[in-house]
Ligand SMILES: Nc1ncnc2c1ncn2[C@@H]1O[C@H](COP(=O)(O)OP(=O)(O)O)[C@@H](O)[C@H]1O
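Below you'll find only one chain, the form predicted alone, shown as structure tokens.
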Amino acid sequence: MAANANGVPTPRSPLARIQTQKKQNGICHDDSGKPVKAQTIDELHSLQKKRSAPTTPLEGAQGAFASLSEEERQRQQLQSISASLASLTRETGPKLVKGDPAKTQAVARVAHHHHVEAPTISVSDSSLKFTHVLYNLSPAELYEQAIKYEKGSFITATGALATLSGAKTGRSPRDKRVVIDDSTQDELWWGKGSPNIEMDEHTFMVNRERAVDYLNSLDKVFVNDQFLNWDPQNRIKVRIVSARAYHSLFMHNMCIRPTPEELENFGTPDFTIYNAGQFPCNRYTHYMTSSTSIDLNLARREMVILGTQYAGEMKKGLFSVMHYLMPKRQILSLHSGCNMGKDGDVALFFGLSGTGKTTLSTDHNRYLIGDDEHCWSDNGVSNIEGGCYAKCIGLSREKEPDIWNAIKFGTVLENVVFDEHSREVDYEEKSVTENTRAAYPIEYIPNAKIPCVGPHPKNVILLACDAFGVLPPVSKLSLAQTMYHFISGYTALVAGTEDGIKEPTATFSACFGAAFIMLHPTKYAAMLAEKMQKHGATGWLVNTGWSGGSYGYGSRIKLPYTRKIIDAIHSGSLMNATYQKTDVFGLEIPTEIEGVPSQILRPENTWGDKKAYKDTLLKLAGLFKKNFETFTNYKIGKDNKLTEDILAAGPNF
């Protein structure tokens, strides 16, 4: 399991480059993609491949059913069997018959596939047919289905499956809806700042029926039965019904894969996704604002996807569900990375895009528990997922060797561009989107800890890339300060450069994942504080951004210095340092750290223009205060003391 058996230090990978594209104001800023400028699937497909010399002939390229005559296609559709759209089953969902209709029915399926009995044939009220389900297929089988039937699917030079997600190459947070009912009306976070946009039960059922009707009009669908959460006492059973092999392989990688024995005893899932993303919602349906709709019904434990084929909607939809279900069990759900030292010391890493969360949590001297989603229960920490979903833009073997080596057979590559002849991927190319992604099982990472569980965290590290250049490289936080900065979820992006202006833009995302949380942020913060206090964890604020001035004037803090800071946190040596308190934010900063110049530890020491430093500091403090106004009226505790403590931990000027 040790990543460095020979004791040779592995080159560190640099921090992610700061974003230079100005983002729209919204809930989430990490992976929402612009629609692709392509009018047809052929245009989109042409973006995916870079022509090489000699040019590979395209005459043989075929679409989903191009290898079959229309008569044969209709014959196969009629032969496929389904009674899932009878009136009764519209309320309960598809009843599905296992088997690939393209294969002879007499051919026995492989033993590891779960057997599903054929339902009794009944008359459908829509005069549609039975549907065949391809149940928990292996990656190899899913490759075959994708290559044969899904245009835009190719095997790359390293063996990964390259796919296209259609016009949507990122999540659509403004099209996500949650059913509001008597229960969720009081439980969930609604209103200003919340990611939860309401819809009613009736509209959900309209969309659900549209999705189920579409899935059952197909000659086959893919079904995955899998788990969430590596903690065996608190794992959740999920079922994903989808139309694409790409989506089935993606979820095979991202969820926890059951053993054949676990599949035999899987039973009724706790949550079901109906992914009919190829089919649009009806834009004239109440609450709809586009042809895309991602709908959550927590009472029915169901999710419906219409009008987007971006696979990340499934992953993050389930994460939202975990943010609702786990706190009911007094388990804290967290949007964080997590690793563990050889002595069992666990660290959590929170941070928005560009802060270095992936880079800093990936450490060859420590075991990786997970890169993105975790639970903290009375048993310790556990990864929610069974895989990793890594950004690929600018990927190189030198910067991210673990991710580079994980892109092999079984990995899904979304929207990448590759050489048409050699199938070598160009990770710098953004023709389709900048949000290119790789989804692979976590065991593809050499130092992953399997099972992905660990003891209670010792350190909670909040990462901010402060392009204003006024936050110190590291601060030790009190419990109230940890809650304040956790609720704030701050980082700074570099704005666009129109007219030569280079002005940082503050970004706040509550709990470092506002797009996915379901309850009020202070509830998660209170749970975090309770667990940190109970288990003796320490909070840290680490700035991976600028020093000596704002972006355009100062310089980014060197990665080796940040690494030394993180190492000092892991080792415990930073706990014994001498600390000084800063003005305005009231942060405790160490006077010295081995291997880090003492001058940079106090930001004002690195600025030549002290007045500019003070003005910029007050400007950022004002942005913090303005952002926190959303949360000031929310009471925690009977006497509201907890809320007052959090507010007092913010900037004071």
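In this text, the rigid core denotes the largest set of C-alpha atoms whose superposition between the two forms falls within 1.5 Å. Just count from 1 along the sequence shown to find any residue number. These numbers were taken from a predicted model, which means no experiment stands behind them.
This protein has a second form, the form predicted in complex with the ligand, left out of what is shown; the following refers to that one.
**Request:** Would you say the site is open or blocked once the ligand, modelled from its placement in the model of the complex, is overlaid by superposing the surrounding C-alphas? Use blocked for 3 or more ligand atoms within 2.4 Å of a backbone or C-beta atom.
**Result:** By the 2.4 Å criterion, blocked.
**Request:** Mind telling me which stretch in 550-558, 208-216, 452-460, 475-483 gets its heavy atoms within 4.5 Å of the ligand in the model of the complex?
**Result:** So the stretch in question is 550-558.
**Message:** Quick check on this chain: which one of 220, 176, 374, 357 has a heavy atom within 4.5 Å of the ligand in the model of the complex?
**Reply:** When the ligand is considered in the model of the complex, the option within 4.5 Å is 357.
**Message:** Going by heavy atom distances of 4.5 angstroms or less, which of 231, 302, 400, 150 would be at the interface with the ligand in the model of the complex?
**Reply:** None of the others qualify; the residue that does is 400.
**Message:** in the model of the complex, does residue 239 come within 4.5 Å of the ligand, counting heavy atoms only?
**Reply:** No, residue 239 is distant from the partner.
**Message:** I'd like to know if residue 393 sits close to the ligand in the model of the complex, meaning any non-hydrogen atom pair within 4.5 angstroms.
**Reply:** Yes, contact at 4.5 Å.
**Asked** Is there a non-hydrogen atom of residue 352 within 4.5 angstroms of a non-hydrogen atom of the ligand in the model of the complex?
**Response** Judged by the heavy-atom cut-off of 4.5 Å, residue 352 is in contact with the ligand in the model of the complex.
**Request:** Answer with yes or no whether residue 308 is in contact with the ligand in the model of the complex, where contact means some heavy atom within 4.5 Å.
**Result:** No.
**Item:** Displaced residue check between the shown form and the other one: residue 393, CA, 2 Å or over, core reference
**Value:** It does not, since the residue 393 C-alpha is displaced less than 2 Å between the shown form and the other one after the core fit.
**Request:** Would you tell me if residue 464 moves between the shown form and the other one by 2 Å or more at its C-alpha, with the rigid core held superposed?
**Result:** It does shift by 2 Å or more.
**residue 561: Cα shift of 2 Å or greater between the shown form and the other one (core-aligned)** = Result for residue 561: yes, a 2 Å-plus shift.
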